[in-house]
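Below you will find one chain, with nothing else, as structure tokens; this is the form predicted on its own, and questions on how it binds or moves follow later.
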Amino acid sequence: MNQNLQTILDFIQQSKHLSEDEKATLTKAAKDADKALTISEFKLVRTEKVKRTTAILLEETIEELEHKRKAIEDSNNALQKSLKELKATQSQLIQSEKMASLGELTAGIAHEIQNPLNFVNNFSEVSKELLEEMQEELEEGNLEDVKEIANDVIQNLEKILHHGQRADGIVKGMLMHSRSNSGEKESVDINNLVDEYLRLAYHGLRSKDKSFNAKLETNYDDSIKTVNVVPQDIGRVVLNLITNAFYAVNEKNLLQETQGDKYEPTVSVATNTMKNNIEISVKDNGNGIPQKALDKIFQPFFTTKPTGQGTGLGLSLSYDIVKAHNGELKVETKEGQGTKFIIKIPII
């Protein structure tokens, strides 16, 4: 019993002024108080233990949370670094894709520029011979012959000028494609742009694979004059779609040859005016796109080509370029029959 309560209890027992009933009542009250005090002390001790245990658990929880916070912070830093590296890699891949398209044009440009240079060389040589002949006629005083020769030289010089301008146009087109893209829209003859890239892509592929051949069909809408676009970007889209079409028909042709079936690889390119839009379509009679791949073809890094033959960025970049022109890039395909890509760009 509590010492103080014991003293009180002893005093009650020894008191001569209290009756036995009063002593019994007070004794019971003292014992009840002692019991209550004992319970309170027990609860207090238990509370102190709980407090100490809680404090330890709280400290451990805080320490654990600090470790987790540090781990999350490290993970975020690692993710930020990975994201930065991924963006840098993506930029490099996009640049590689652009350089790849330039590489595909190089052989075609070489072929295209060789033709007008051959004409310039041939007509220059012929003109030199005509001028030497003119000197002889002048010495002999044959003015009529001199006039005829002079007319021939003038015609030759006109042809030299024409083919020189043709070569100049090809070089300017090459520089336009390779220079840094300012993103500035220009007034462009869409028919000429599409036809230029069609021929360059075809001759470029032929120079790499002499066995490749395909029938080219064109149908250009003469009512289309000029359209404001970023020529490098739209040219890149057209080149990508035409190159893909050539790949598709060549792939099917190789398969048909092994099976002994008759097949004529055909790529059709057309332009058309639809209300306030112009449409550029590139169609092939290849194997078509499988349905399971159709929903993914515009996703970055997705490709149906074998490893090493495609980055999976061509159609993704093309889609973004057309969208940046407030346009639309659509695809129509039937397995075993071919594919048609349609570029739709607002005229205004």
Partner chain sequence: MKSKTIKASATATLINELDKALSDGFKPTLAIIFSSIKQDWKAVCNMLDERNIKVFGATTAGEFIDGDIEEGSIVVMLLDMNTAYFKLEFLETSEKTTFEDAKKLGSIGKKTFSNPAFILATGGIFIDGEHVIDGITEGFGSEVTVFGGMAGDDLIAEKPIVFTNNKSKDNAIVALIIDKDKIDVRGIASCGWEAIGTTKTVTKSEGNIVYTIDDKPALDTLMKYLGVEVKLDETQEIVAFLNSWYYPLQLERENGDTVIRATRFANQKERSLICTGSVAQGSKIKFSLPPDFDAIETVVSECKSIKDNPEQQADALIMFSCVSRHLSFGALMQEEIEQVQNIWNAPMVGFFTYGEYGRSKIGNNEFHNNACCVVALKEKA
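Worth saying up front: this structure is predicted, and the values here are computed from it rather than measured. Numbering follows the first chain given and starts at 1. What we label the rigid core is the largest C-alpha set whose atoms superpose within 1.5 Å from one form to the other.
This next part talks about the form predicted together with the partner chain, which is not shown.
Stretch-level contact check against the partner chain in the predicted complex with heavy atoms at 4.5 Å: of 64-72, 23-31, 315-323, 280-288, the positive one is 64-72. The partner chain in the predicted complex comes within 4.5 Å of no heavy atom belonging to D295. Not displayed here, the partner chain is approached by T54 to within 4.5 Å at the level of heavy atoms in the predicted complex. Superposed on the core, the two forms differ at D34: its CA moves 2 Å or more between this form and the one not shown.
The Cα position of Q291 differs by less than 2 Å between this form and the one not shown after fitting on the rigid core.
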